[in-house]
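As structure tokens, one chain now follows by itself in the form predicted alone.
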Amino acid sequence: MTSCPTSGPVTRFAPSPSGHLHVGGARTALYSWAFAKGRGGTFIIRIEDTDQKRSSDAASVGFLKDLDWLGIRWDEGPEYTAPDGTKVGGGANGSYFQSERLAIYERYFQKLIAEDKAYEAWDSAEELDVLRKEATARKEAFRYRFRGEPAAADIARFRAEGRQPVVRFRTPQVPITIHDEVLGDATLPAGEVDDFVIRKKDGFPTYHFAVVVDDELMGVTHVLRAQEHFTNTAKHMVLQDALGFRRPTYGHLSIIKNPDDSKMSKRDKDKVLRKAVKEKALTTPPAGTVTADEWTKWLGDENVQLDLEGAIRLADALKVTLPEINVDDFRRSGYLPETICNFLALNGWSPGHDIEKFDNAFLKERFSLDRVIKTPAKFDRVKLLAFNTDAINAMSREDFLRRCREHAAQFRPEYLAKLGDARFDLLMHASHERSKTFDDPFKTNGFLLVADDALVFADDKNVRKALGIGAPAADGAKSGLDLLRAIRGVLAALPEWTQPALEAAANAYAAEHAAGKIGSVAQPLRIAASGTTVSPPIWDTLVLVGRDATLARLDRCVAWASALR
């Protein structure tokens, strides 16, 4: 058994590997890390993978990547090599995967059974259902109690039927007082906690048992976790007493809610997709999204969710935006990890003195449990985006370019391949002041990737107005379409295709043919090059598209608009 540390607190974050890290879990990890590291202590990551149906190795790695991206590195835990080459994890208390600690748990199961503090229970699912219905008929909550030791003949029959026993803890029928540093004390009356399962039929421990054993053996002194675990703490305390373990200090954190007071859930994405599919009355999946089998299973069962990549492809095809729920969602959307940490820290804790902007070093120095807020936090996405916008605006052009390049390498590699270094750098410089996230330069400039003969021109009122479609120009002035048709020769004759050359030529042309109104020339050019009235600065846009492509698109735009007049 590991002795209690003497130099500082030991905290842990123990996720179940069932997907990427939810922002609620990220906040728990952040608080646990800050509490320990700010006091010279130790922060541990432990993977609670005893639920074989919900766990996967890939999900475990996803959690570790999410934590490392946020700057939350662990002193002990699974071994991991960060992108910068740093080796993280390891430690004397491993393995840090619960599925690899079964022999340890079995020793403590047998200890409790030998001391008559736990017992094997052979009830079938049908028998348990009968007991629940009987409790309901008595208008009582169902709580399992010891039902006597089955005879040897009965056990032999159960084994012949293929039954496997669970192990249940014999819970003392006494009041249990939970001491909590955030919520205060609460006492559960005697009989409130039943004889709960500590070993499942497959031989794996339940969450309640494994967490108690691991917290003791790993020397955990402080447990910070979600409020939903508050009543579970009673089970953990009686187990700790029965095993002769210490009781860590507990602090339970409020949940994070959406602004409409609903709980932030991974199902929020699924709801958006199902609503869009219903509104569009789709019966088959859009090409390149999900397979027909995946589509059928998903639509046929409200409890089935598409995998992340499939959901993203479907959302793109349906032109809907999925709400960010997991840390990886925010990473894909182009948020800064330091902004996410700053914002999450404020969702449940306050540093006081009206301080809102701070980094992880500040949080580590100032975090304390007495300033953790008890009430649910509201996840204000508008405020988060404002935080991110401020951080991006404060960046140097070089830093913005570097981080956008890193973002593109992972999530938008087609831009790097299509544009090359010089044009990629130009797009980033042109987009800096207009960007709220690192993904903005890409999601708003898809016209740069489209083949010239595949560019679609937006048939909306702004485009029609700029080109003069459907209405004659005032006082015999040339329409945008006329100006666009006429300036083609000017552009084609330019000896160099640069921003200064393009701007000078367009200004000279506007002075002679558009009463000096450069916008009358620039906006039709923007439509021709991008398909819409929105793009980076027009001369940057034309350089990004290139001479040949711009002229080809201009010709197509003239033909398209002429057909509408």
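What you are looking at is a predicted structure, and each value in this text was computed from that prediction instead of being measured. A residue's number is simply how far along the shown sequence it sits, counting from 1.
The next section is about a form of this same protein that is not shown, the form predicted together with a small molecule.
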Which listed residue (21, 14, 554, 545) meets the criterion of a heavy atom within 4.5 Å of the small molecule in the predicted bound form? 14
Checking 427, 253, 211, 392 against the small molecule in the predicted bound form, the residue with a non-hydrogen atom inside 4.5 angstroms turns out to be 211
Each of 48, 207 and 225 within 4.5 Å of the small molecule in the predicted bound form, by any heavy atom, yes or no? yes
Is residue 229 a contact residue for the small molecule in the predicted bound form, using a 4.5 Å heavy atom cut-off? yes
